[in-house]
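Here you get one chain, nothing else, as structure tokens; it is the form predicted on its own.
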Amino acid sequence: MFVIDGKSIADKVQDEIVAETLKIAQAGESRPNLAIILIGEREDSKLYVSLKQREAVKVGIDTNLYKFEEDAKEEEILQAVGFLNNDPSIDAILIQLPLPAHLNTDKILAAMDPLKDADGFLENKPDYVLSPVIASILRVLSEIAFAPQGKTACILHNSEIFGQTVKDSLAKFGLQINLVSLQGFEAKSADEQKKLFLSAQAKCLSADLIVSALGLPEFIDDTFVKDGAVIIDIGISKVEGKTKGDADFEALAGKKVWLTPVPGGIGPMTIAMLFKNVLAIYQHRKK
């Protein structure tokens, strides 16, 4: 098995960003500025935000945190988004998900100026902004010199929006793509789970590229993949305090496959790609 070091690739992307932010500093211009909206007290969200703030410092990007209580009213959040849309000192906006259940996530995201959408959520975002997850997948394939033309990809997902977004992005490069939905897998009967497992297994076994974002720990074993396949593991789960991906690392160890591990694979890259978006937004705003 060939392990793809996402941290190493993220470091390369961050070095590219630093090279640009140094030029900005040398020109005496203000640094790129990212506004982060955090609502509620979810420990994982607070951890992700603090990590983004820490990494932003390393690449020369400023952050401003706007924190709201768990019971914040929707109108209050919408007013804050509107304020940031119109604030010329703010180049990009990130709304940390998931939001508390009483808030309409789609409505709040849609309130953002698409030209400031750091996560690339909005359909009318500019072409120079890519979802950090999509950008990370494409960068991994570039780093390992994966030639997509005429090859087959299998996308395992539990979100139709995510699956279709990845499919649309990868299809542009000549890949033939199978979408496999396992939404609600854990709630299904044992017989239904077995049927879904075997169906996913059959489709993955012929694939040159597997992208998995299920959150089903160690779902993909050595019976799922052929030699030479690439597995992009985006799934993440906690099992007895340990972080696990969708791919069974130990079971795949003897296969001749490429794999992004969890942790240390796509995760570090998404933060680097987020900052790449912030830089791109900043540069286009300065034109």
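Just so it is clear, the structure is predicted and the values come from calculations on it, not from any experiment. In case it trips you up, residue 1 is the first one in the sequence shown, and so on.
Just so it is clear, the following notes concern the form predicted in complex with guanine, a form of the same protein that is not shown.
Engineer: Only one of 87 to 95, 178 to 186, 67 to 75, 100 to 108 gets a heavy atom within 4.5 Å of guanine in the predicted complex; which is it?
Structural biologist: Heavy atoms within 4.5 Å of guanine in the predicted complex occur in 87 to 95.
Engineer: Would you check, heavy atoms only and a 4.5 Å threshold, whether K52 touches guanine in the predicted complex?
Structural biologist: Yes, K52 is a contact residue.
Engineer: Taking heavy atoms and a 4.5 Å cut-off, does F162 contact guanine in the predicted complex?
Structural biologist: No.
Engineer: Counting only heavy atoms, which residues in 126 to 151 are within 4.5 Å of guanine in the predicted complex?
Structural biologist: Sequence-ordered list is empty.
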